[in-house]
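The chain that follows stands alone, in the form predicted on its own, written as C-alpha cells.
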Amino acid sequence: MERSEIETKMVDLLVEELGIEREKIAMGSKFEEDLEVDSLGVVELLMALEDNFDVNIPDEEAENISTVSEAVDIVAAKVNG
C-alpha cells in the first residue's frame, strides 16, 4: 500500500473516530499537543488503525507514537512488511 493511501486513511480516521477538523491535521501534528487528543483518544485511534489496516501495533511501539507521521510510518511498515 502506498504511503499516500495510508496518510489519506489516517486523516479520515482522525476525522471520523475522534472528530478532529480535517484542516487541523498535518503529518507533523502531535496528537496530544496539536490535535488535543487525550490518552483515551490515542487508544481509540490505535484500535481503529489495527481494525482498518489489519495490523497489530504492540504497546511498546504504540508508546513511541506522538505525531500523525509516526503513526503512518508504523502502519506502513506493518502493511508493507
Partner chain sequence: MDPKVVLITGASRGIGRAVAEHFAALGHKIAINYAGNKAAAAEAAAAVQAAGGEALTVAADVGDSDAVAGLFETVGAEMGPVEILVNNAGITRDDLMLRMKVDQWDDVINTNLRSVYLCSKAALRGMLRAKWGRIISVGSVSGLSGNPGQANYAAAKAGIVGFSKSLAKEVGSRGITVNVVAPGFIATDMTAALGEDVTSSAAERIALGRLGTPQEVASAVGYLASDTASYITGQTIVVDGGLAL
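Remember, predicted model here, so these are calculated numbers, not experimental data. Numbering follows the first chain given and starts at 1.
Keep in mind that the form predicted in complex with the partner chain is not shown, yet the notes after this line are about it.
Engineer: Using heavy atoms and a 4.5 Å cut-off, decide whether 54, 61 and 73 all contact the partner chain in the predicted complex.
Structural biologist: No: none of 54, 61 and 73 comes within 4.5 Å of the partner chain in the predicted complex.
Engineer: Residue-level question: is residue 33 within 4.5 Å of the partner chain in the predicted complex, judged on heavy atoms?
Structural biologist: No, residue 33 stays farther than 4.5 Å from the partner chain in the predicted complex.
Engineer: Scan 33-52 and note down the residues that get a heavy atom within 4.5 Å of the partner chain in the predicted complex; none is a fine answer too.
Structural biologist: Going through 33-52 in order - heavy atoms within 4.5 Å of the partner chain in the predicted complex - the hits are 38, 40, 41, 44, 47, 50, 51.
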